[in-house]
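Taking the form predicted on its own, here's one chain by itself in structure tokens.
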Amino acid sequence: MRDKPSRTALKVAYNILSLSTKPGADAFLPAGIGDATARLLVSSGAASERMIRVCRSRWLLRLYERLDRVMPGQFVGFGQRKAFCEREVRRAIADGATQVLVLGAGYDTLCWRLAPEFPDVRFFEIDHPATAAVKARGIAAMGRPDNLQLIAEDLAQRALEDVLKGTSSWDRDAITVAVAEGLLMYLPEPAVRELFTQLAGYGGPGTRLAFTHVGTRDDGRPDAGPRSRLTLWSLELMGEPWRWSLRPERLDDFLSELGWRRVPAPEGAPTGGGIEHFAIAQRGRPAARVETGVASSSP
């Protein structure tokens, strides 16, 4: 079992720092995300002030852009998926959600930034204890909003429903928006299916899940770009292999099997970034088509 903070989570945070210095990135990056990420990394001890300066240097920005050839578009894609997640959380809150749950939060700052803005909404994060402990130090130093709760649990070892059942402030009847950003590809398919199933039972009607996923190649393995074999091998070597993928054209059927339906993205909004696909699911299967004059409604 992994007992060290996630290197992937740190890599994503470094990427966001560098991306925030890219000319034009402020057009799609959430406001303040670069400074908040830098503050969190330093406050938690995950990175030094010197490392923050390195991440924000021009030469590292150029290096990231060159390395982008391994997974074309992924450098900017990390920022696009941050924007996607924040957009969907804000949209869900506007539609009545009173709980926000971020799964595998890493060093993401979405909850910390939005909690003061929405004091009547409860924000929860769940992450592996090794990463959660580091982040908790940073959040404590930065000032934890009263409506933000950090939960240290390994969802590979403990079921989501058990975690939520043991969280006294969680309201299973409240409309909830959950976020699984860059997480599902690390879980085996049974765990992905179980996550959808359990979340459906621990949120009120209208509960949504904003998530990202990768596609599947013809050989049945996750699509990690033009150098998939090398990328997947390196992830295995890091101890954080990709285990689940899904062809985009299979998404509607996959969700329907689990009692969910896909919610269309706002017109003009990106539906993917780099090698990842973005999707929003809501509890409830879509209504069946009228084939013989009798409409069959979804439960």
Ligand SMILES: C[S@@+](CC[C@H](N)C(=O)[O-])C[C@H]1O[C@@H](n2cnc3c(N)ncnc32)[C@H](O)[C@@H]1O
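Note that residue numbering begins at 1 and tracks the sequence as displayed. Being a predicted model, the structure only gives us computed values, none of them experimental.
One more form of this protein, predicted together with this ligand, exists but is not displayed; see below.
Visitor: Let me know the one among Glu194, Glu86, Glu153, Asp223 whose heavy atoms come within 4.5 Å of this ligand in the predicted complex, would you?
Guide: In short, Glu153.
Visitor: Name the residue from Gly104, Gly215, Gly138, Pro145 that puts a heavy atom within 4.5 Å of this ligand in the predicted complex.
Guide: Flagged contact: Gly104.
Visitor: From the candidate stretches 186-194, 91-99, 69-77, 115-123, select the single one in contact with this ligand in the predicted complex, where contact means a heavy atom within 4.5 Å.
Guide: After filtering at 4.5 Å, what remains is 186-194.
Visitor: Can you work out whether Lys82 and this ligand are in contact in the predicted complex, taking contact to mean some heavy atom pair no more than 4.5 Å apart?
Guide: Yes, contact at 4.5 Å.
Visitor: Look up in the predicted complex whether His128 has a non-hydrogen atom within 4.5 angstroms of this ligand, and give yes or no.
Guide: Judged by the heavy-atom cut-off of 4.5 Å, His128 is in contact with this ligand in the predicted complex.
Visitor: In the predicted complex, does Val12 have a heavy atom within 4.5 Å of this ligand?
Guide: Contact check for Val12: yes, within 4.5 Å of this ligand in the predicted complex.
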